[in-house]
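Just one chain is shown here, as structure tokens, and it is the form predicted alone.
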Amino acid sequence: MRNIIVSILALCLLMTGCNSRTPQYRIGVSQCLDDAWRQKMNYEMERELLLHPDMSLSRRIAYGSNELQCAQIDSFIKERVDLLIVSPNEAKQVQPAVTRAYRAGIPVIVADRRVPGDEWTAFIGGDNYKVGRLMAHWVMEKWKKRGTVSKPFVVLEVAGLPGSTPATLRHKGMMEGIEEAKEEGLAAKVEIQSVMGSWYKENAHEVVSEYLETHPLPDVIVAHNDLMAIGAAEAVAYYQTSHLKSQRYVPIMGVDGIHPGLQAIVDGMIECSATYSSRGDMLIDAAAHILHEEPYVHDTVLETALVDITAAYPMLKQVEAITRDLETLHIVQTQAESKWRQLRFDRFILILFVVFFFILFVITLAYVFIKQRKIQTEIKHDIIPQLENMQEAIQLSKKDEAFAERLRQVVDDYLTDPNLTVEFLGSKLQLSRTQLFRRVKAVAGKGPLDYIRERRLIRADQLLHTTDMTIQQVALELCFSSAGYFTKCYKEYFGHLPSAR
């Protein structure tokens, strides 16, 4: 009986496997981050992979950690992948792991950020130092257009992750370009001020907002990527609107030239972006040449150029058209593969119909047994820890509620005090400025200044409907600069104009 079952299973494998298209080569991909630029690179690799059915990807993300990325590369080495694509977090720190993979006989394609030495197979990426020089050139063009003014020309640099290779090289290229201009007597009054946006839009919005609370508007803003440029643009717009400041135009430059940046240029949020191609398609094409022992380019440096409104719109339309075409291609391929699977399945059913119910019975028994063991394991390893995590979350929620109540009490106690500022509120709650922004954002969904204004508007509404105070009196009582500004804020919050009782 046992021999009969083995024979039947062998026949099943033979019939379903004769047309198998299992990938022959496995490529490990080590990404340092999961930002929009690398998501674009991943998409390009997956798209190009459609042309190489003998290759598959196994992708891992280090989330900005050198140690984690080195450990992930070592795990790829142990798994004996056929080829490794590495986009290093910090090139010097990740180099030893790249070297270990190369010496283990695994071809290594270094993407985006060049690692020291020559123990790698191929490099495909941009020149971050050249990007920095392009930033310097753009800054100097803006400085020249301003004309002769006695005060310094202030450049706000929104830098990437501290210590990362692109952030370091872009800053170096920009600083050296501006220093050369200074030596030539072209930029003696250029002043560089830097904040760290760490590559993310939200971080850039926060640090630029904090900067604007204590500094005047800069003359230009240079961000190390498009997402941070967009975050900076939103912070400037919000600052000018909420503080009724001058609507002076602040030119903003980003880097990447991908879809969000191109859209921001078209929408007028930022002025330009330095193109920095991800070219995931080139990575897969190079991998195919290496794996198939065909000629390949050892060192490929991608060109960098400045994209403004004249080029952004056609580029954006081209990207959208390509995306639609690729989606259509993917749908057609999926449908074709589905049809192929259906034909193969029909043939399998035709040949094995007689033994189907017997195999189904055996599989059902095995499934019930495995499911029972799996449920027991989940209860032990998943459900119980989840219950414990829920208890911890409830405790954290109670702490947030207590903080929210304390925040409301302190703000309400000082609503009529003109000294109620972010610094004053931080001192009362015994929190630093950054901690205060983070905590208030978490419990109230807005920054401290917005929260104070909201509480004042709520109190104002109560005074208008429960006392004989005029709109002018209420505005002065609650520290609004004028009745007009109070009326504007009141309408934005309540949706109608204020009216006294």
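In this text the structure is predicted, and so the values were computed from the model without any measurement. One rule holds for the numbers: they count along the sequence shown, beginning at 1.
Beyond what is shown, the protein has a form predicted together with beta-D-fructofuranose (FRU); the following relates to that form.
- Remark: of stretches 443-451, 60-68, 27-35, 469-477, the one touching beta-D-fructofuranose (FRU) in the predicted complex is 27-35 (heavy atom within 4.5 Å).
- When beta-D-fructofuranose (FRU) is considered in the predicted complex, G231 lies well away from it, no heavy atom lying within 4.5 Å.
- Residue contact check for P166: one or more of its heavy atoms lie within 4.5 Å of beta-D-fructofuranose (FRU) in the predicted complex.
- Although the partner is absent here, K142 is not a contact residue: none of its heavy atoms lies within 4.5 angstroms of beta-D-fructofuranose (FRU) in the predicted complex.
- Contact check for W199: a non-hydrogen atom falls within 4.5 Å of beta-D-fructofuranose (FRU) in the predicted complex.
- This chain appears without its partner; in the predicted complex, the one residue of R113, R133, H205, R279 with a heavy atom within 4.5 Å of beta-D-fructofuranose (FRU) is R113.
- Residue D256 is the sole member of 251-268 found to place a heavy atom within 4.5 Å of beta-D-fructofuranose (FRU) in the predicted complex.
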